[in-house]
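A single chain, nothing else alongside it, follows as structure tokens in the form predicted alone.
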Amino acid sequence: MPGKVYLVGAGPGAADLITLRAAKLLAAADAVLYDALVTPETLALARRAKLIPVGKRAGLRSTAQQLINQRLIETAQTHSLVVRLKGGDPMLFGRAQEEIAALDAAGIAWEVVPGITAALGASAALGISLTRRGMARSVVFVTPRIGPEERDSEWLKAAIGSDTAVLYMAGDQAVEVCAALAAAGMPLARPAALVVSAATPDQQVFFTTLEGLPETMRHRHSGPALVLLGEVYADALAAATTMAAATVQSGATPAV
């Protein structure tokens, strides 16, 4: 009899931000197939498991989804408890649906264990709510990235129509994404936050505008970037601008 597969969310980065259930499953797992963004500290919780990297990173050499599905099925046929460990939450831009369909077709039992998605980890790092009374009553999570042979996305319409918009996987297309948002009607002065490698020791935080995003992107490191747009970031942008001006006036080198 094949084993059971648990599609587990690893959260936004820090190992202690995963759920208790996820930690227990990792400790008991016979095999763990993990994404590229999962940290070594999180993998260390799987003390007795066979660790199998199946990372997918945009623009980099990675494992094709069809091969991941096949590897998952093969692993479940030889191991009792298999964890498919995904960054953030499996059900949000995690391609969990494709893996669930493959497991169903192979007759393998599965279960989803949710995790903290990157937008919530970034918001915690910023200390700024995605929604704010009297200012932001709607929030949308979108991605401008479209895979080969996928139909066009309505992400622009959703981002423009929401008080706060969170853009996943937009870092490598910053110029094109900002131009598309501006052409669709988003003001160039719309406050924006850029959070890189949220909830990790390498975390970077920037405040800018839609117009300034492409240039700001040039100063980030290569970690996963999340773009957040909305008036909820106006106060933080004003404070950051004032601080940068004071730093330049004092003759010091501005911190990036």
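One rule holds for the numbers: they count along the sequence shown, beginning at 1. Keep in mind that this is a model prediction, so the values were computed, not measured.
Omitted here: the form predicted together with another copy of the chain. The next part is about that form.
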Discussion item. Only one of Glu74, Asp172, Glu98, Glu176 gets a heavy atom within 4.5 Å of another copy of the chain in the predicted bound form. Which one?
Written reply: Glu98
Worksheet item: Is there a heavy atom of Val83 no more than 4.5 Å from a heavy atom of another copy of the chain in the predicted bound form?
Response: no
Worksheet item: Is there any non-hydrogen atom of Met135 lying within 4.5 Å of another copy of the chain in the predicted bound form?
Response: yes
Worksheet item: Ala23 near another copy of the chain in the predicted bound form, any heavy atom under 4.5 Å?
Response: yes
Discussion item. Taking another copy of the chain as it sits in the predicted bound form, is Ala240 near enough to touch it, meaning that at least one heavy atom pair lies within 4.5 angstroms?
Written reply: no
Worksheet item: in the predicted bound form, which residues of 9 to 35 put a heavy atom within 4.5 Å of another copy of the chain?
Response: Ala14, Ala15, Asp16, Leu17, Ile18, Thr19, Leu20, Arg21, Ala23, Lys24, Leu25
